[in-house]
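One chain comes next, on its own, written out as structure tokens in the form predicted alone.
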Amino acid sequence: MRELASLVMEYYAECHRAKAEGRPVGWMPPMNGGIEVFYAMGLMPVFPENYSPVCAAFGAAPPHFETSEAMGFSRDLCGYMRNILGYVHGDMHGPLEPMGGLPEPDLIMSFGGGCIPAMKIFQHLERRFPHAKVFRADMPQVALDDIKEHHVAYAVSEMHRFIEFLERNTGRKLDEERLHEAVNLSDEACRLFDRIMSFRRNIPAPFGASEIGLMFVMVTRQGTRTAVDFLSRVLDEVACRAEARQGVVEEERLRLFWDNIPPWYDLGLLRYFEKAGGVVVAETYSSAWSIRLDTGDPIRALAVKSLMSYPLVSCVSIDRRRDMVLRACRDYAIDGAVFHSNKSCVPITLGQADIMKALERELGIPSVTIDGDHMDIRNFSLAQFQTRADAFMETLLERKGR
């Protein structure tokens, strides 16, 4: 985790370095096949949506919220959207902006996929940066189980159109060997990430949800040697901890599941349960960042990745989310589930009551609801969180005769 902090700083330093050197900078959503294409072409991908958690972690989000709300954006809207829109309409490179802010985009990739606020972010960015060349994708929104070959064929055609757009507007040609290498590296990073996460099934778990920041390399560095090398070192450390039966706490009494996005302004809240021997060993949000790729056909692989990414988290049916949660709770020997009722992300919060009932009915696993927000600390009460968490842990310990 200490090394990860350096990787975060180096990524944003490279973003600014690319801009200073005249290397085209493109703003894009996360979780799409364009990332590997960018790295293969020597372009710099920047993720404004994912800059929002960084702002929250550094305490820089509140003034951004004030700016966006003054523009007329409701406080009930997505915290990612309100933060980034407030950021781009403020002092983008002011002294309080984490990592020096973001370099202005030369290119904007509006992929047309995902939840509505994510799409609205990029529609607004098009107006904010009128000089940027814009690629508007037309990826179909298809449920994971309903993806058919004709959807894949259409997504492949969109990937080709995307590559042509980049070549035309940057003067760079895509090297097929470099793309193949990027896809191989991306698939290897996903394999390593899955392997790292699998060790959390161990009792005791060698690491907990407060280390979910590992996802940063899966968001920003897919398709690079940087991600593979870092995750290889993480895997070695986690495997050693697992072999030594070294857990997060001295005595792991309770194994917990966290539903929804974590509170980026204070990931330490996920460690609050540790005082009672509780460890959050699994969560929903880390499940969408390790889509394995068919490295034999790079462009098709990236097209499939773009189709699959969003239905894994924010555009998924309640039935499928329920099945995902139940399966995870079985696989990770969960004692209790914590449901984050997230004011800033309604799509992922909908259906939580049904899932909680299914957990109790089918697995006998109790749950608790924590009211909060993954971005806006104004919608979170520490006292309420502590009261509910304490009562929940006491109940779980009584059930286990502890």
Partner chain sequence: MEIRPGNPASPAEPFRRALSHRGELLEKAARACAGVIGTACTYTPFELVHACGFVPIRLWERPGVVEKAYGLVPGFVCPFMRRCLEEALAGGFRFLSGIVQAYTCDVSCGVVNVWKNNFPLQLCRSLALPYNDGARSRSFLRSELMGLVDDLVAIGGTFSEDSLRRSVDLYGRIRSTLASVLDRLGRTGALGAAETLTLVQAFFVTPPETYLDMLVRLEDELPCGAPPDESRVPVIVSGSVLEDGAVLDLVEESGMRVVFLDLCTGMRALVPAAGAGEDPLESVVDRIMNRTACPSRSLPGQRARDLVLQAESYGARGVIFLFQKFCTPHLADLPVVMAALKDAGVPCMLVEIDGNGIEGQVLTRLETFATIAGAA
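Numbering follows the first chain given and starts at 1. All of these numbers come straight from a predicted model, not from anything done at the bench.
There is another form of the same protein, the form predicted in complex with its partner chain; it is not shown, and what comes next is about it.
Only one of 95 to 103, 178 to 186, 139 to 147, 193 to 201 places residue heavy atoms within 4.5 angstroms of its partner chain in the model of the complex, namely 139 to 147.
Among heavy atoms of residue 161, some come within 4.5 Å of its partner chain in the model of the complex.
Its partner chain in the model of the complex is approached by residue 76, whose closest heavy atom lies within 4.5 angstroms of it.
Proximity of residue 127 to its partner chain in the model of the complex: non-hydrogen atoms within 4.5 Å are present.
Of the heavy atoms in residue 72, some are within 4.5 Å of its partner chain in the model of the complex.
The contact with its partner chain in the model of the complex, taken as any heavy atom within 4.5 Å, belongs to 157 out of 157, 287, 295, 169. Note on contacts: among 324, 318, 239, 267, the single residue with a heavy atom within 4.5 Å of its partner chain in the model of the complex is 318.
Although its partner chain is not shown here, in the model of the complex the stretch 325 to 353 places heavy atoms of 341, 342, 343, 346, 347, 349, 350, 351, 353 within 4.5 Å of it, in sequence order.
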